[in-house]
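In C-alpha cells, the next block holds one chain alone, the form predicted on its own.
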Amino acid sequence: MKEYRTNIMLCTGTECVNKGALEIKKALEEEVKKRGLEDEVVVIPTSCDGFCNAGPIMIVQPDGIFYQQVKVEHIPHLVEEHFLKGRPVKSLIYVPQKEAQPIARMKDIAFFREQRLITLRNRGLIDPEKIDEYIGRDGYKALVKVLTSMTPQEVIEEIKASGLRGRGGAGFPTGKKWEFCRAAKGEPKYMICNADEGDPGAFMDRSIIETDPHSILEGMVIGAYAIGASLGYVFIRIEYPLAIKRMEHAIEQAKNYGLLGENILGSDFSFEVKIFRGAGAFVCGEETALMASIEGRNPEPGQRPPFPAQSGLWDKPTNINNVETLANVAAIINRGAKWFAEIGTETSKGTKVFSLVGKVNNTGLVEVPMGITLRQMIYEIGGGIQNNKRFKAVQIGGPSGGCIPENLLDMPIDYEELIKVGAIMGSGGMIVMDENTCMVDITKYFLTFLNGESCGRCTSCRDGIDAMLEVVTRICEGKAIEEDIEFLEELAPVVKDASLCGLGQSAPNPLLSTLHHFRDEYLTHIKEKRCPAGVCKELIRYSINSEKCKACLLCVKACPSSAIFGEKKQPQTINIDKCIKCGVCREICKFDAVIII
C-alpha cells in the first residue's frame, strides 16, 4: 500500500454528507492535484466522528489537526497554507467558547477526551466501505478465534462472563439470551440484528452501521455460531439509505472473503445474512412486531411468552440483538471478558453510546463508560447549556423514557439508577432541555408521538395513551382541574401494567417522571392558568415593557393581526383581544421589550 506524507481523514457520515462533505472531498482532490501534491497528500473518506454540530469535519494526520465546519470555498486557502506551507489554518480550528483559545488537536477537545471507545473503536480511522481497513484493525480476528478454537458454549460463557447487557432497551444479559436460544428445540434458528431506530433525536444505530458495518456483521456471525443459526436478518429502516448501502456493501465483501456463506473460513459452519427494510413504524422496534413484519404480517406485537428464543421467526428459535450489542461482541472475544467487565459499574458493564442532542453546546454521538454522571455528560462532553441558560431536565430513553431534573445531575448513568428515578436506558437517546422548556408541553409532545405510533391492538395502550394525552392537552390549554392530576396518576399504572408490549408498558414514563419531578409546573398551569416557561400558546400573554421600548415600530410592521398600537415616538401597546400569540413581535424586537406575562 502506498504511503503518503499527509492523510486527510474526511468524515462522510450522514450529517457531514448533508453539509457538503462529498463536494469537499472532490474539491480537495482537485486542489491537491492542481498543486502537484497528489503523491504526498491523500483524501480518505471516513465514518462519523460523532461531533455532529462541528461538521463537516476533517482530521489531518499524522499531526492530528482537527478542522471543523469546513466548506468548499475554504479548500484553496487550506491546501496552500497547510499542505504547501505547513501552517494550520486557525480560522477552521475548533474554539469551545468565543473567549477561549482554539484547540488544534482532536485528543485535546473535551467532547472526545472524556470518551472511551469500544463500540465506536474504528470511527474516523477507517473507510467503512473497505473491508481491508477493518481487517487491518483486528477485524474478523475474533471470528477466526471462535471458529478455530472455541465451542459454541465457550463463546456463550465468555459473553456471559463479560456482563454485556442488551443495548436496545431493557438490558437483558446477552449471554443468557444466546444460551436460551441455543438450548431451544427447533430448526432452523435465526439471528436478527434490530436496527429499527425510531426514537426522536436518536441516531446511534444509523451512525454505528455507517461507521463500522463489519463490526456488526462479525458480531452477528459469532452470535449465529453460538446459537446454531444458519440465517440472519438486519432489520433496518428505509429512512437510512447510507446505512443500508454500507451494510449491503459489507455483506458482499464478507461473502467474497469467505467470511459469510457456506463453510466460513473452511469450517463446517455456514451462515447467510439478508437485509430487511422496515417501513419506519416505531412499534417495529419491539421484537415480536419486528418479526411479524419480516414474515409479511402487520407489525403488531405478540403475546409473550413464548419468547423469541423459544418460538420466534416462523415459530422457530430466534435471537434478536440490537446494533450496539453486536458491535461489542468481537472486542470482548479479542480482549477477554475480564477486560470488558472491569469497565462500568457492578451491574452495568462496559460502555454505552448516547446521542446527545437538544439545548447543549456540543451535540453528537458519544461513547462513555457506564456509571458516568449526567453532569459530566452535559457539562464536560456536552460543553454546557446553549446561550448560558439554566439546565432544567434531560430526557433519557427515547419517547418512553423519563425526564431527570437538575438536582439529580450527579447521579451515575446505568440501568438500575435510571429506573430508580423514573427513566430507562432505552437505546441511548439523551435530550437536554433548558429553562425555556415547558415540562407539561414536552410530556404532551412525547404522548402525541406514542399515541400516533401505537399499533392499536390492545385497549390499554390504544385508549390509555389517548386519554392521558387528552388530559395533558387540557392542562396545556388551561382548561384542567386539580382532580385531573389524580386521574392521570391512577390511569398511568394501569396502562403500564395492562399493555401487551414495551411501547404501552413504558408510555407513561414521561408523564409519571414529569409529574414527580415537576409537579409545581402542572399546578401552575391548572391553578394560575399560566405557563412558567412561556411555551403553551393558550396561556401566553404578550406585553411591551414601556421602559425598554424604543418606539422603533418594527413590531407594529411585523404584527400579522395589527394588534400593536401607540403614538409615534412613544412606547407601544399590545391589544390582548386581537393578539394571535404568534410571537413575531418578541422575535423581531432588538431591545427585549416584548415580554411574556
Partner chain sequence: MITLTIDNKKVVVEDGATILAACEMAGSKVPTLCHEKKLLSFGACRICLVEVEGTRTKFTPSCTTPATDGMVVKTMTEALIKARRTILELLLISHPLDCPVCDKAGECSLQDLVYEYGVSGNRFKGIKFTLPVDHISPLIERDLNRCILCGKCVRICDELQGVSEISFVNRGMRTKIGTDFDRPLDCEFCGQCISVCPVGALTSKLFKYKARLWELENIPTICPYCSNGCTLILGIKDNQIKTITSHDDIGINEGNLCAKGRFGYEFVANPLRLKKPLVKRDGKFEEVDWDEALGLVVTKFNEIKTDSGANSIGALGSARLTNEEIYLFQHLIRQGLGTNNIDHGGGYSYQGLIGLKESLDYPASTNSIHEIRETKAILLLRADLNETHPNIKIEVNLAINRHQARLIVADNKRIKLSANVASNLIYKPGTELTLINGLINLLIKNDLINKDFIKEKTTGFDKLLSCVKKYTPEYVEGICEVNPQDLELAARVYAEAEKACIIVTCGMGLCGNNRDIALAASNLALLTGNIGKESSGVYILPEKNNSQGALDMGAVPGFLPGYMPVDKPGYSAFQMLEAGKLKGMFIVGENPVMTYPLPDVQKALESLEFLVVQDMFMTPTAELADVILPVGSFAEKEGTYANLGKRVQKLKKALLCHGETKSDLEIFIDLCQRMGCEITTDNNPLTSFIKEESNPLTSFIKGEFAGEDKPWKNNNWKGKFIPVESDEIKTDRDELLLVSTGSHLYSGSLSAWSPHLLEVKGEACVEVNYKDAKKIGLDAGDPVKISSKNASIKLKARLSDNIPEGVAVVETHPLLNVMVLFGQKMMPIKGKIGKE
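Numbering follows the first chain given and starts at 1. These figures come from a predicted structure and were not determined experimentally.
Not pictured, yet referred to below: the form predicted together with the partner chain.
> With heavy atoms only and a cut-off of 4.5 Å, decide whether R457 touches the partner chain in the predicted complex.
It does: once the partner chain is placed as it appears in the predicted complex, R457 has a heavy atom within 4.5 Å of it.
> Can N298 be called a contact residue for the partner chain in the predicted complex at 4.5 Å between heavy atoms?
Contact with the partner chain, yes.
> With a 4.5 Å heavy atom cut-off, would you call R474 a contact of the partner chain in the predicted complex?
Yes - in the predicted complex, heavy atoms of R474 and the partner chain come within 4.5 Å of each other.
> Spell out, yes or no, whether the shortest heavy atom distance between Q303 and the partner chain in the predicted complex is within 4.5 Å.
Judged by the heavy-atom cut-off of 4.5 Å, Q303 is in contact with the partner chain in the predicted complex.
> Using heavy atoms only and a 4.5 Å cut-off, determine which of V146, L515, L500, A224 is in contact with the partner chain in the predicted complex.
Contact residue from the list: L500.
> Quick check on this chain: which one of Q253, T345, T524, N451 has a heavy atom within 4.5 Å of the partner chain in the predicted complex?
None of the other options qualify; the answer is N451.
> Considering the partner chain in the predicted complex, find the one stretch among 151-159, 355-363, 490-498, 79-87 with heavy atoms no farther than 4.5 Å from it.
That would be stretch 490-498.
> Are there residues in 222-261 with a heavy atom within 4.5 Å of the partner chain in the predicted complex, and which are they, in order?
Contacting residues: none.
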